[in-house]
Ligand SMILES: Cc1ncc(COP(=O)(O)O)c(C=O)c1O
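Presented below, as structure tokens, is a lone chain in the form predicted on its own.
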């Protein structure tokens, strides 16, 4: 099918709720995607931090083919072998004693589950989260998302339980904290908010404040989890163990899966009948999670994320230009804040066969597959130099 025919059907039959670029992809391999006309693109977006193994990783493909041929779905009315195996593998990489796993279908649903667990286990009604955070588009997750642009016109669906403070501002948090706070929900690095890393001392203090007040600390690792920041989870960069972690995106290498991990003390709050989902943790998606974790361990992709991210930011920082305001990030999530030309640079990259993303106005966000090598980083650096010159 040619691009114009795809676009015609898109315009005729689909909701027009996405600002799509003028390209449609046919297949991918490793670091590269190929459009319907056969043009090659180096992918530095990875489906927004999803395809950490790259595209069509042979071991992942083989595992998916085997699972599809054997069993895709049964209800959570029954024990599911693949789900139990995946939960054990997740528990092998989560911090502290977060070894109880609940599977859902997405990052927003993971945050919804975490919030339900928090208010049910504490019996409290307030949730604190950071301005410019992003936690999803379902009702409670949208309420926790401290960005009015996402909330406007949906206010009737948003509970008045949410209050917001500035990210990394401990005094702002303290001013809102009281004995009615069920949870504090934070990203270890704000991705949609412009690639803003958390302050280690801030997160350590949040942990202490939550403990002292009997509130739960929830860390949203939907974008930062699974090796993206150079650690298995972003919070590992700060030496802090929260009460609940939410995850999704890279967990399934493209399969629709999300999860939360919590402790033996908390998980029982969601007893049978209190929460559930038809598709959550079915055999296909949990088999994907298992093989994803296996490959990441075998190929040392978490370590590669740390090493390549440090190399990339160091090389980018050598570029002298008034257009570059700041360079920030952890592991393989890097933000290049520009004065005015982020979208122009994205267009320039697309024309030259490289995919990058822009978030929060003028920040170029680089979130490539974790298999990336220096040669791929250097291509982007060369394009950036040429663009700025």
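Just so it is clear, the structure is predicted and the values come from calculations on it, not from any experiment. Numbering follows the first chain given and starts at 1.
Unshown form predicted in complex with this ligand; subsequent notes refer to it.
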*Would residue 243 count as a contact of this ligand in the predicted complex, using a 4.5 angstroms cut-off between non-hydrogen atoms?*
no
_this ligand contact at residue 236 in the predicted complex, heavy atom, 4.5 Å_ = no
*Contact of residue 112 with this ligand in the predicted complex (heavy atom, 4.5 Å)*: no
_How about residue 121 - does it come within 4.5 Å of this ligand in the predicted complex, if we only consider non-hydrogen atoms?_
no
*Of the residues 223, 292, 286, 229, which one places a heavy atom within 4.5 Å of this ligand in the predicted complex?*
223
*Have a look at 134, 167, 103, 312 for me and say which one sits with a heavy atom within 4.5 Å of this ligand in the predicted complex.*
134
*Okay, which stretch from 90 to 98, 262 to 270, 184 to 192, 198 to 206 lines this ligand in the predicted complex, with non-hydrogen atoms inside 4.5 Å?*
184 to 192
_Residues in 229 to 254 close to this ligand in the predicted complex, defined by a heavy atom within 4.5 Å, in order_ = 249
